[in-house]
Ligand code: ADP
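Form predicted alone, single chain, as structure tokens, below.
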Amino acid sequence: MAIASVVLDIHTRSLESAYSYLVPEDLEGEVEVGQAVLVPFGRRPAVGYVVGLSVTLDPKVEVERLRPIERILAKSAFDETSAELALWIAREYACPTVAAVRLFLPPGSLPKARKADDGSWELTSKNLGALEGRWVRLGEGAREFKPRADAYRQRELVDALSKGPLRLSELKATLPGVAPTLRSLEKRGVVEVFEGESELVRSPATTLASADAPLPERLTKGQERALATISRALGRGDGSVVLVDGVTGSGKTEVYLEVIEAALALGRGAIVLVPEISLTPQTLGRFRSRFGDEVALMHSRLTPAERRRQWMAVREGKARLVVGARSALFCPVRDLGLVVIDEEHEFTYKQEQAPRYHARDVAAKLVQLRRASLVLGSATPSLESLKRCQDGGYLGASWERVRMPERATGALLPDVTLVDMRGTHTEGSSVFSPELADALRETHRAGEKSVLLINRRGFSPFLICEDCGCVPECPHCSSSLTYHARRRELVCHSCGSIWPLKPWPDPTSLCPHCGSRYLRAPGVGTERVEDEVRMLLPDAEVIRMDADTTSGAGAHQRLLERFDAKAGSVLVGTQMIAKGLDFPEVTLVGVVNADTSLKLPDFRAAERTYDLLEQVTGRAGRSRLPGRVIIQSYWSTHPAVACVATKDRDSFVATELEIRRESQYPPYVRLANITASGIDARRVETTIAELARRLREAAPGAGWQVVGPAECLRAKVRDRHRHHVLVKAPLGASLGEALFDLARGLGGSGVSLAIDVDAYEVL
């Protein structure tokens, strides 16, 4: 008699474990791990997922009381190892088990049990719609085609297709708003759209050579070291991790391609994770040109039907390489041998909703279970990864770091100048220091391009009354309102509420506290920087890229087209311009204010600041033209700023690790942030206080620390009050399991409880 462990598809903390069901005789030999099944639960049927099969039963459970599985609803979506990983995620990140299991299910809606009008139960499923079967390739006209100087999107499309055909759905996913360009080039015979499967083979000889990503004649010494180290790890197949620490432009992608080719040659599969923002058609094109139809894409912009098609190709073994964002980690790759996580320091690898897993740590567990290898790549590796490499390993797996200090093209790293802005501000003074203003003029006169970073959108982060000191705040959130001069609005960046302002001295534009019309806009945002660039360089093309200007479909590409089209243009933007831009004419990068996030009450503030500055400096001098970087700071002695200027990352890492060790923050401890939120402030406070009491009473002992409860920095968002408590635990502690048990029964009555294990931020 077989017994199945079934996780019910009911999202609640009260169902924290799998339930045992009998496998009836008519289903003997047919029930498998990973299948969706229909089972009785109480007085209703329920959909569940089989996570284990056995012929023995816990002695405490009476076989006679077990109920049988009613029927099988879907084929197996995952195997025993994936089931083991799902249960580990549920324990590790304190989430309902079904939330972890859902990560491994095929895209699209699986059957649901629904109560019909007559009181009976029926199964429903969502229609995913038609699958996209069209492909795009270069046509005969591409050989003579030369895009206009301002046709950035045409060049981007041709560059992507020069590496091989792509599915139309993939192009639309990685290049939003491409449809008009595609239609235009199709009429001219530059591209062709065709039906059916592609005719791709590996390293296709029929594609045009790519100027952006040719096969290198020889590898750099750093690339050779990285390849040798990863090859040894791949040969061992023991779950070891290799951290590739390479400067921007050092050729990390070519290293990935080489080791993936080695893994596929061994008959094993591979997964490549990239941050959502860096998944471009060129990235996909490079993989497709090397590996043909063996590449599957998992991307949030694909339709559910397209994602399901790609997922099925992986499960059937037609695609052995998966490229995508963090969800690609859960694809059913056959005989997985290698996982690559590019830009491993990026915050997008931390899931914001339950299960709040970190892709890096889940990948490390996955390669242990699969006897595979993990490669992490970054120009600014996370402190967690660096510390694990210093220690030689983590949780039984070997961690090794290999450095790539030189650019693959031979281009030199840009010179960095640090400008101390203390004492320079006077009423009406420019946001640019004389050094940065002169550099902008010189760069523009030379016909070269400049990039200016200010990680704050709007014109000013707040308004202030010069008579009474009042700062207008959002009534729904505990945050000041940001002044957007273009739209003459005050905007809450937490909830999105907007308050229009009329031009001064209109009497409606008054201080809400004292009625004064003397409201001043201090501080700097992207709009103000854009205005000052236009005054400094009246004839320059100035482009602003932030959340306000890139919200529409294809807006990002249109703005980059303008930046690329005209000599001497200037790009002003937030952190979205700090990575992924590769324009050979960019020779100047200016950081208007390096201190924007340094004083946030978050233990990662310095690390984030350093990463952002280091990434944006890599935008300059990426070709034969030398680059320079000017960083303005009011705290120029802070290691996060000073060490970027001196190119001394080791000093920053050593300093920051010592601060973390003394204050007991990751990577020296595990940290959980538990947040209670609700409309009723008193209930929220009562709930979080009770949780803190339970935590202190149940703390296992040495190395455990409970901090709080206290109001969150964003104490109110969308009328919901927020309080939190922090828990610090020793490395390797079962933090998630402990928190899950202690939080059971709390919440409800309008109070939501969110448990974030290995928290990335605590704001």
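One rule holds for the numbers: they count along the sequence shown, beginning at 1. Being a predicted model, the structure only gives us computed values, none of them experimental.
Keep in mind that the form predicted in complex with the named molecule is not shown, yet the notes after this line are about it.
Checking 648-656, 253-261, 681-689, 512-520 against the named molecule in the predicted complex, the stretch whose residues place heavy atoms within 4.5 Å of it is 253-261. The contact with the named molecule in the predicted complex, taken as any heavy atom within 4.5 Å, belongs to 249 out of 107, 249, 292, 332. A heavy atom within 4.5 Å of the named molecule in the predicted complex is found for one listed residue only; from 219, 495, 547, 470, this is 219. Although the partner is absent here, residue 223 lies within 4.5 Å of the named molecule in the predicted complex, judged by heavy atoms. With a 4.5 Å cutoff on heavy atoms, residue 350 does not count as touching the named molecule in the predicted complex; it lies far away. The closest heavy atom approach of residue 231 to the named molecule in the predicted complex falls outside 4.5 Å. Looking at residue 409, you'd find a heavy atom of it within 4.5 angstroms of the named molecule in the predicted complex.
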